[in-house]
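Shown below, as structure tokens, is a lone chain in the form predicted alone; questions about how it binds or moves come after it.
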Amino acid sequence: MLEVRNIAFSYDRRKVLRDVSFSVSPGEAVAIAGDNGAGKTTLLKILATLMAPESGAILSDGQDALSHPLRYRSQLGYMQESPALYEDMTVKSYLKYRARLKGEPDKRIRRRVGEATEICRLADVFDTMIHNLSFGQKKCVALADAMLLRPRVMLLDDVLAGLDVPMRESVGKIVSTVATFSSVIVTGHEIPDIVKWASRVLVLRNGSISSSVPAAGIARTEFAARVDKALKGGG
């Protein structure tokens, strides 16, 4: 489980995040939604320990991530909005290289790469140079990279940005699969797509979580309506 407690952060004197708290369990794909500039990417960078908060705590299975960042990062998968890939490599060679770089023993690399390739539906382009892939396929390679070591926590920033409808549906299925073994947090603006698979949507407004809308126990159409109302400030 990932627990976020009272995270605060400012740029110069502008408060970007104020007392942000929530938790995510394995089996959940929690989405963070909000207007541009709401602080979604900043929050994910803090959760990835790429930026330090002014105050607050991040706990992964009860362990303080900020006090032990190297241990935490070894259990973390992170994909930024515009991931940088080595485009002069094939998908296979890139994922094997990334697994080795992350410290995976050679005897397990083939299995890890095979699993990530299957989940992210990359078998047909396994031996293709990355620069020859479509934008959506490149995003799937980045997803495969992030989930290579079956991390306990997955952070996916603007995961659906720039994708067409079929690819958004495909990525949604990937995220749902990853949530079976990770605590998944995604950000994005594509709410009609996100509500198809998210277990909960957190609305970030004025630096705080203004609403938490769960999907459990209601139809997806009702879930979408509640999320839309929360995004418009209706609670």
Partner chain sequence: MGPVRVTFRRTFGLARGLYTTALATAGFLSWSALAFAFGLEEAEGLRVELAPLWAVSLAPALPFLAAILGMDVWSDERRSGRIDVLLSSPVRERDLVFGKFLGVWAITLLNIVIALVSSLAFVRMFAPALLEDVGFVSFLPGVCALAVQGMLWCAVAVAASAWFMNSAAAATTTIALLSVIPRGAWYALVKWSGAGRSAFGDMPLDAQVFDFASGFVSTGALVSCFILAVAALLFASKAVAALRCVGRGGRGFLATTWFAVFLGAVATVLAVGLAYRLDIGLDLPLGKRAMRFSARTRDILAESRGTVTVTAFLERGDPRFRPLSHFLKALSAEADAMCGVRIGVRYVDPALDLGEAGRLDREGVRRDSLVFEHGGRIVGTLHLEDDCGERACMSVIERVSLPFRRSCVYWTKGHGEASFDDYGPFGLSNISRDLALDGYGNKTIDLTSGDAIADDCALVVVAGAKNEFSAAEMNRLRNYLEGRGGRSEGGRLLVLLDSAESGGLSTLLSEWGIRPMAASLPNARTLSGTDVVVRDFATNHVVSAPFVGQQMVLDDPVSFGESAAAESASAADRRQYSPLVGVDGTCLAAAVEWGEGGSKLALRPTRIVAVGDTGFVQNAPLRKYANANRDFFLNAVKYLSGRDVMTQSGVEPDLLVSGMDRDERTRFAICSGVAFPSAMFLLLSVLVMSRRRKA
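Numbering follows the first chain given and starts at 1. Given the structure is predicted, the values throughout are model-derived calculations rather than measurements.
Beyond what is shown, the protein has a form predicted in complex with the partner chain; the following relates to that form.
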Could you check which residue among Ser170, Thr49, Ser60, Ser199 gets a heavy atom within 4.5 Å of the partner chain in the predicted complex?
Thr49
With the partner omitted here, the residue among Lys45, Arg205, His68, His189 that in the predicted complex has a heavy atom within 4.5 Å of the partner chain is Lys45
Contact test in the predicted complex: Leu101 vs the partner chain, heavy atoms, 4.5 Å
yes
Give a yes/no on whether Arg150 approaches the partner chain to within 4.5 Å in the predicted complex, heavy atoms considered.
no
How about Lys92: is it within 4.5 Å of the partner chain in the predicted complex, going by heavy atoms?
no
Report whether the minimum heavy atom distance between Ser10 and the partner chain in the predicted complex is within 4.5 Å.
yes
Pick the stretch from 133 to 141, 69 to 77, 114 to 122, 159 to 167 whose residues have a heavy atom within 4.5 Å of the partner chain in the predicted complex.
69 to 77
